[in-house]
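Shown next as structure tokens: one chain only, the form predicted alone.
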């Protein structure tokens, strides 16, 4: 199935216009739309505009607060807990990261957690945010639906619970790790379903432990953790840090926002920000990271390996390519967005002319 391309600006403007029509304040709509379009720009297509319709279902059903009072409810010099008042997760986490950056300026390090947040898109967007301030970011989140049982179990009590890290560099692309604690994030399953493609073996199994390849049947099985029981343990710890510590949902309290559009999800995230200046000259650190990056990239390769990649390099390349050529979207998704445009009265999303 051929893909069509749209510009980042056009995609952002379209998402923003739809959210404004749905009653989000213009400034909030702009913030959310920018982050969603950026997700697609970097190739995180399971967390970009593909999420627009699910978000609208929750907004229309009252499952997300259109006018939240996002506020700090616990605070010390190097920490805070932000209550999102059930607002759009992008708004809540953006506020949390900005608070963490400001606190790290004086304390050197800051941890800010969220509660009563919602799905906020790819973790890497928030781990990257401190980079422009010569700071590094570590991000943790509780996923918005449980797809992972405890090791050896059959009851899904854990989610993909992602981890992201953004490490500043000098001349090299920043080192940005964004990973689920499952072999594949559930957003990737949704993206394959939208494109009509099969999952590779090793992503999911059914309740009998047999490989599950059809993403349309994903509700019949479980995601698999990375590294077997180690991934299960990591998912548990991330959930405790991002969810339980800040008073957000974990375990049986997690609401499946794909199936339930009304209930408050009480999603939890956490951001740890470290100011490089607290450890010395940021330029010295970034030079050292540049050297390590080049050593790794230039190290001896196994046979038939064309290149050794650093975390974040492929997304960096996609950002550059998509900025020049446009963001690829499957025709089925564009058809859905055209229908949405007609329903809401906004201008349809313009396609780029073929190169």
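What you see is a predicted model, and the numbers here were worked out from it, not measured in a lab. Here, rigid core means the biggest group of C-alpha atoms that superpose within 1.5 Å across both forms. Residue numbers count along the first chain shown, from 1.
Keep in mind the form predicted together with a further copy of the same chain is missing from the figure; the text below concerns it.
Q: Considering non-hydrogen atoms and a 4.5 Å limit, does a further copy of the same chain approach residue 132 in the predicted complex?
A: Residue 132: no, not in contact with a further copy of the same chain in the predicted complex.
Q: Would you classify residue 213 as touching a further copy of the same chain in the predicted complex, given a 4.5 Å non-hydrogen atom cut-off?
A: No, residue 213 is distant from the partner.
Q: Does at least one non-hydrogen atom of residue 85 fall within 4.5 angstroms of a further copy of the same chain in the predicted complex?
A: Although a further copy of the same chain is absent here, residue 85 would stay clear of it in the predicted complex, with no heavy atoms inside 4.5 Å.
Q: Closest heavy atom of residue 27 to a further copy of the same chain in the predicted complex, within 4.5 Å or not?
A: Residue 27: no, not in contact with a further copy of the same chain in the predicted complex.
Q: Can you pick the one in 288, 323, 61, 53 that has a heavy atom within 4.5 Å of a further copy of the same chain in the predicted complex?
A: Here the answer is residue option 288.
Q: Could you spot which one of 72, 283, 262, 240 gets a heavy atom to within 4.5 Å of a further copy of the same chain in the predicted complex?
A: Selected option: 240.
Q: Name the stretch, out of 27-35, 45-53, 315-323, 296-304, where some heavy atom lies within 4.5 Å of a further copy of the same chain in the predicted complex.
A: Residues of 296-304 come within 4.5 Å of the partner.
Q: Among 188, 207 and 251, does every residue place a heavy atom within 4.5 Å of a further copy of the same chain in the predicted complex?
A: Yes.
Q: Determine the residues of 255-290 with a heavy atom within 4.5 Å of a further copy of the same chain in the predicted complex and present them in sequence order; the list may be empty.
A: In sequence order, 272, 274, 275, 276, 277, 278, 279, 280, 285, 288, 289 come within 4.5 Å of the partner.
Q: Is the C-alpha displacement of residue 95 equal to or greater than 2 Å between the shown form and the other one once the rigid core has been superposed?
A: Not so; residue 95 is displaced by less than 2 Å.
Q: Tell me, please, whether between the shown form and the other one the C-alpha of residue 188 is shifted by 2 Å or more, with the rigid core used for superposition.
A: Moves: yes, 2 Å or greater.
Q: Against the rigid core, is the Cα displacement of residue 221 between the shown form and the other one at least 2 Å?
A: Yes, the C-alpha position differs by at least 2 Å between the shown form and the other one.
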